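Form predicted on its own, single chain, as structure tokens, below.
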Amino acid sequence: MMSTNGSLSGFDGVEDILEKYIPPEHLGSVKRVLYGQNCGSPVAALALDPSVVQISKDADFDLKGFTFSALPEQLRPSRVVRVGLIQNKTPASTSLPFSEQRAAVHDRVGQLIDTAGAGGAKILCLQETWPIPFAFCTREKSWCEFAESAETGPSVALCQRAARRWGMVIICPILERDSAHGETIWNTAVVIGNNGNIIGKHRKNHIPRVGDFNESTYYMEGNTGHPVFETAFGRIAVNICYGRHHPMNWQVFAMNGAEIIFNPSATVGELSEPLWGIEARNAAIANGAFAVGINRVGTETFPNEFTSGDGKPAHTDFGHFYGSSYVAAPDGSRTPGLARHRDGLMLVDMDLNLCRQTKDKWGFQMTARYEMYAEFFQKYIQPDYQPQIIRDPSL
């Protein structure tokens, strides 16, 4: 049961309910099944700097830290990188002037970014279109004013300053205004290097067409393919929101060499919450890469009513964005999630050597039949394609 504040019956998330009601002598077995084990043990807690812990208390956001290990190797040193992920509410009322809304979210997210930097994060990812309320449900075009340049926009500039200050790679998902192509709008993740330089960008591949997710009113499917960005701290990719429902999307990023695949999202409980905890984890297992699921948090209410075309009465809110951001490792283990109803920062140490070690152990890539898949897809995209169905002759 969801409480009015977005919690689960007063708890931050499922993990806290398990901690309270499962007897300690059984809790370890439950967690082993639900969350897997990293190198034979539960995913370990990460000791965080006391000053960072104090900031989280003073600024009222959830803070969690975890460590993924890899086995020691004789010919290759460990490759440990600290990754951060941020989930946040839209802090200002959607009825305020747009300039005030943007200033409020810049202040709040800027605070969270600086805390991640102080906590030692070297790669940080924000949630989908973080500088804007998720107003695509309304179909009102005035929200397009929030769109900004992927090269010179104010939200990108904020992240560039933070990247330079902390020596940190930052993934900055924005609503992009493409002035070179007729002012077209895209849902874009800008990848900023640890020197504050822009490495590149990726545009969202898959646009939902379900319920209040009226994003196709604002932008189209992306045209940047499946780029992997080689940074100072590892090879990363960004699989924006709806792409998590498409297994091939994750796979192509991994085939292009991604070691960490980030999934900045905005999704609500009624639609997808039962899927959330398994999608990134499945992707990590299947592709031998770390998968990072980041979800917006809170309920955003808009000035004007809108409808979904599904028979429900007109309403002014999208539903509750349930947070619960987490990280999954290629060996199938995963962290608990951040709170379901609070802003949050998670810091995770991950040894990227685990990617190759898991691939060697399971052999999914070695036993794949890419030539067979390629032949199938070449047939499938043809107008005269016929499914390979063998009918029982007795029917």
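As the structure is a computational prediction, the values presented were derived from the model and not from experiment. Residue numbers run from 1 along the displayed sequence.
Beyond the structure shown, there is the form predicted together with a further copy of the same chain, which is absent from this document and is the topic of what follows.
- Between 299 to 307, 136 to 144, 173 to 181, 283 to 291, the stretch whose residues reach within 4.5 angstroms of a further copy of the same chain in the model of the complex through a non-hydrogen atom is 283 to 291.
- Each of Phe11, Tyr21 and Asn197 places at least one heavy atom within 4.5 Å of a further copy of the same chain in the model of the complex.
- In the model of the complex, at least one heavy atom of Asn256 sits within 4.5 Å of a heavy atom of a further copy of the same chain.
- Shown alone here, Pro274 lies within 4.5 Å of a further copy of the same chain in the model of the complex, counting heavy atoms only.
- Though the partner is left out of this view, Val105 does not reach within 4.5 Å of a further copy of the same chain in the model of the complex, counting heavy atoms only.
- A residue is said to contact a partner when one of its heavy atoms sits within 4.5 Å of a partner heavy atom; Glu25 meets this definition for a further copy of the same chain in the model of the complex.
- Distance criterion of 4.5 Å from any heavy atom to a further copy of the same chain in the model of the complex singles out Val30 from the list Val30, Cys39, Leu48, Ala59.
- The single contact residue among His226, Lys89, Arg82, Arg79, judged by any heavy atom lying within 4.5 Å of a further copy of the same chain in the model of the complex, is His226.
- In sequence order, Lys361, Trp362, Gly363, Phe364, Thr367, Ala368, Arg369, Tyr370, Glu371, Met372, Tyr373, Ala374, Glu375, Phe376, Phe377, Gln378, Tyr380, Ile381, Tyr385 are the residues of 350 to 386 having a heavy atom within 4.5 Å of a further copy of the same chain in the model of the complex; the partner itself is omitted from this view.
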